[in-house]
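A single chain, nothing else alongside it, follows as C-alpha cells in the form predicted on its own.
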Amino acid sequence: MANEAVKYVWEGAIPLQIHLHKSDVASHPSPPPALVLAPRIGYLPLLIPHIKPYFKDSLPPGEDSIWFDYKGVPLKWYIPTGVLFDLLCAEPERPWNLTVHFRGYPSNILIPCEGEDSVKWNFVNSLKEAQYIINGNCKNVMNMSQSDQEDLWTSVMNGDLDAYTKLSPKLKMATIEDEFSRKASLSSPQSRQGATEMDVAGQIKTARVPVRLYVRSINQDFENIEDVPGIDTWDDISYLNRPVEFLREEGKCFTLRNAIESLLPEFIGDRAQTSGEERSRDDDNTEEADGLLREMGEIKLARIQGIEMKLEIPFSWVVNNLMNPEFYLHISVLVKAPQR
C-alpha cells in the first residue's frame, strides 16, 4: 500500500477555468469558460477530450493543433500540469484561468503535440532517462512488455495509484533509504546490532536522483510572495535537467537545500561547497555574512507538488514521497539573484 504522502500527490488536482480565445469564437454570445479539475501529475493535452466537445458549437470550421496559454505565455504541454501551476503562479490562483486556442499553434515556442500519443511518448522517454540516471541503464523499461507499458501509462492517465503500484516494481528502480525510517530503525538495539547486515543486504541505495529544476531568478527583494512580478516569457525561466549526487555522511543529513544548491552554483555561488558548520562560523560576523549572502544569492522559495518546502527537510523523504510517476522530481525555485 502506498504511503499517505504519495496518495496525496496522486490525488492532487488544480481547478481550472478555461476560456476560449476570442479569435476562435464564432458564436454569439461567447461561450462561458469550461470548469475542469486537472490532475497535478497529468498533462494539459489529456484534457482536450473533455474541453473540445464543450466548445465545439462555438468554433469556426477547421482547426489547428490545440494549445493553452496563461496570461499570454504559451504553456509547454510536456511539463506536468501541477509543475506549470507551481512555476507560473508564485501566488496560487484558484481557479487557474487559462485560455485554449484551436488554431495559430506557436511552433516557434512549443514543440509539436499530436495529442495523447505525443504525451505518452514524452512520458516513456522520461521514464527511460530516469532509469538510466538511477540504474545506469534503461533495460527494464525497454524490456517491459507492450501491454505492461500500456497499463502503466493508463494508470497515470486515470490517476490509478493501485494499478501503478502493482506495475512499477517491474521497472526495478533503485531507491534511497529514508532518513526518517533509517533513524527510527537504528534507534532499537536489535537494529543497531544488525545495521551492517541491513546496509549490505537491505534496500538498494542510489547515489543519483533524476531532477528537473525550474529556476526563476529575480533581482529585487520582496517581503510577500504576491509582490513577485509575473512571468512574461519562458526566457524568464532557466531549466536544468541534472541528476543530484546524493551524499550521505555519518552524522549529517543531506537536505533539500543541499540538493538544490548542488545544482545551482551559478546562482548560489560557493555556498554549495560550504558546510553548515562553516556557515554558522561566518554568521558570527554579521557584516561579513550579509555581504556573502548578497554575493551568493538566496533561495526564496522552493515548491514541489504545490508544497512550499522547508529547505532543511531530508532530501531522501522528498524523493521517496514527492516524485512524479516517471521517477523525476520536479522542483520550482525562486531565487534572489546574487549582486555582482
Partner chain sequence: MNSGREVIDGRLTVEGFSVAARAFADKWKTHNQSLPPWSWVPLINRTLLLSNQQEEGYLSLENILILSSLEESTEDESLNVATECSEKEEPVDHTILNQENEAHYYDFHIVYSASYKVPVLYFRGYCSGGQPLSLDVIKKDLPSCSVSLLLQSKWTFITQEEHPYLNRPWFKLHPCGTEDWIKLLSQSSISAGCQMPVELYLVSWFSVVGQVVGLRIPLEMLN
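Residue numbers count along the first chain shown, from 1. Computed from a prediction, not measured in an experiment: that's the story for all the values here.
The next section is about a form of this same protein that is not shown, the form predicted in complex with the partner chain.
The listed set 89, 228, 110, 163 contains one residue whose heavy atoms approach the partner chain in the predicted complex to within 4.5 Å, identified as 110. Put simply, of 119, 152, 83, 215 only one has a heavy atom within 4.5 Å of the partner chain in the predicted complex, and it is 215. Contact check for residue 335: a heavy atom falls within 4.5 Å of the partner chain in the predicted complex.
Remark: residue 125 counts among the residues lining the partner chain in the predicted complex, judged by a heavy atom distance of 4.5 Å or less. Proximity of residue 265 to the partner chain in the predicted complex: non-hydrogen atoms within 4.5 Å are present. Using a 4.5 angstroms limit between non-hydrogen atoms, residue 317 is distant from the partner chain in the predicted complex. None of 248-256, 132-140, 89-97, 154-162 except one has non-hydrogen atoms within 4.5 angstroms of the partner chain in the predicted complex; the exception is 132-140.
Judged against the partner chain in the predicted complex with a 4.5 angstroms heavy atom cut-off, the residues 76, 208 and 328 are in contact without exception. Contacts between stretch 224-240 and the partner chain, counted in the predicted complex as any heavy atom lying within 4.5 Å, involve 234, 235, 238, 239, 240, listed in sequence order.
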